[in-house]
Ligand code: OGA
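Just the one chain here, laid out as structure tokens, in the form predicted on its own.
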Amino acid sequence: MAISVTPLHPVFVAEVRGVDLTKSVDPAAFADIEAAFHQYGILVFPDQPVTDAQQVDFSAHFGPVITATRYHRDAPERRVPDNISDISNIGPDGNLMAADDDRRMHHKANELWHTDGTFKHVPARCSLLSARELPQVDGDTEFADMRAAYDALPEDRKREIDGLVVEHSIFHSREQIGFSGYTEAARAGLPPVNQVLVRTHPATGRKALYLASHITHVVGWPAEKGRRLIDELTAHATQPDFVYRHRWRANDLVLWDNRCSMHRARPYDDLRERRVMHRTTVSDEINSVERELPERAAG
């Protein structure tokens, strides 16, 4: 049976039915899924009670699934396999995290607008998040279409920002919420990296803003001028016309393209209600500066 693709927003996001992700996806079905992925940027797969292994298997169709980053945590104990990111408010013992738990504070920064993996030299291509347990209310996720946002910019602004390079750091985004509980080893293992501010999607040729709360500054610009630009572009890109809010249902699996979208988690009562989400992340091929501006990367 062919998949069905139903748009959920005027400019991006679609729901996909007619495929069972608990089983192997045949090449014809995946070709249709990939085409929809490139067109819409974000795909919602409802009623997919996948296991971690099944989620990893499906994710691997899009590229290499990366090992979850441990950040500041040295302890080997994890609830989930190493290739799963645990976007949850429970610890390895199955209980709710305490208010002062470092892992909880680290996750709170996901409420800032961001793009996954831009703080790594080779960033993330796409992410897949499955809903295992949900709070009774709230805990939605918002997505922004960075292609539509770029298209809507005035031409003189496009000319100004095309070719700009910005620095990203995971620690910068966490410091914005007042959290800096990282070991020196973590900081040494994730040094700041450069990414382009505008990137061209390799499959579609469409340009998109490449923004994240991880951005520290525009390379070569005075700090205040660069901060004003990033704040202005973020406000522009997150206008209601470019934003879709996903209200999670149990067993939803959502796939998003980090090369042309931004997202943020919305708050919920995380000290009283469980929210268990498992994410897989697929790596891109090379650094965005090396792809878009090889002469800058070489320099």
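These numbers were taken from a predicted model, which means no experiment stands behind them. Counting begins at 1, following the sequence as shown.
Although it is not shown, the form predicted together with the ligand is what the next lines describe.
Interface membership of R199, defined by any non-hydrogen atom within 4.5 Å of the ligand in the predicted complex, is ruled out.
None of the heavy atoms of R291 is located within 4.5 Å of the ligand in the predicted complex. In the predicted complex, the ligand sits beyond 4.5 Å of every heavy atom of R259. In the predicted complex, the ligand stays beyond 4.5 Å of every heavy atom belonging to M105. Residues within 4.5 angstroms of the ligand in the predicted complex, judged by any non-hydrogen atom, belong to 111 to 119 and to none of the other stretches in 210 to 218, 111 to 119, 182 to 190, 93 to 101. The contact with the ligand in the predicted complex, taken as any heavy atom within 4.5 Å, belongs to I87 out of I161, V80, I87, L229. Comment: the ligand is not present in this chain, but in the predicted complex one of A124, L129, V166, A148 has a heavy atom within 4.5 Å of it, namely L129. In the predicted complex, the residues of 234 to 265 lying within 4.5 Å of the ligand by at least one heavy atom are, in order, W256, H263, A265.
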